[in-house]
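The chain below stands alone, shown as structure tokens; this is the form predicted on its own.
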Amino acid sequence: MDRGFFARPTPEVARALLGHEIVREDPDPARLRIVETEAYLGPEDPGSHATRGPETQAGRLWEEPGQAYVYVCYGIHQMLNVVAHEPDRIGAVLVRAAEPVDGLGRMQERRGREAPTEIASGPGRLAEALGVTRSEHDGVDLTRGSLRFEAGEEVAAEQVAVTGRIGLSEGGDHLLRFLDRDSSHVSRSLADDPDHGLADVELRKR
């Protein structure tokens, strides 16, 4: 996928990534189909790391689209984002969940032999399944190389749910979470999260 794909409004990229794939070739081949994402914007977005300013690790959000922004959540979980924004804007997309396509056995080893639907059903699980770490992958170019995005089949509009973001003390009500409503690999389904599901219903009424 070329850099131009990511040089668009962040929410547009987050929605468009559904159905495309994230691939790691080295040291163990793995391929996953993306089924859930969240968009994070500039300093005006209370849920975004951009509120910390460009002089922190979050300064990556100001940089060239298409590169990885990997941070550690709660001192444990690696979180894989891709920088995505228009020129002179700020933002990144968190890859929240994905469906294994290839390399399931190795991903199960990394994750502890979980069921396929649980291997990457959350951003920390996804990064662990792929072996993604801040020390190795923060700042790498995700349009090429051994860890990259590849084109798949984009999810049809009627299959996309749009909800509030998950796990935020501020900005969780922003409708910036996108998921394949038919996937059993998402981190939290609409049925399990009725409040966020209502947000999707209201959005579709507009």
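Note that this is a predicted model, so its numbers are computed, not measured. We number the residues from 1 along the sequence you see.
Below, we refer to the form predicted together with the DNA, which is not included among the displayed structures.
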{"property": "Contact at Ala7, Pro65 and Ile90 by the DNA in the model of the complex, all three, heavy atom at most 4.5 Å", "result": "no"}
{"property": "In the model of the complex, Ala115 touching the DNA (heavy atom, 4.5 Å)", "result": "no"}
{"property": "Contact flag, Arg144 vs the DNA in the model of the complex, heavy atom cut 4.5 Å", "result": "no"}
{"property": "The DNA contact at Leu104 in the model of the complex, heavy atom, 4.5 Å", "result": "no"}
{"property": "Partner proximity in the model of the complex: Arg31 to the DNA, non-hydrogen atom cutoff 4.5 Å", "result": "no"}
{"property": "Options 148-156, 23-31, 171-179, 44-52; stretch whose heavy atom lies within 4.5 Å of the DNA in the model of the complex", "result": "44-52"}
{"property": "Sequence-ordered list of residues in 69-88 near the DNA in the model of the complex, where near means a heavy atom within 4.5 Å", "result": "Tyr69, Tyr71, Val72, Cys73, Tyr74, Gly75, Ile76, His77, Met79, Asn81"}
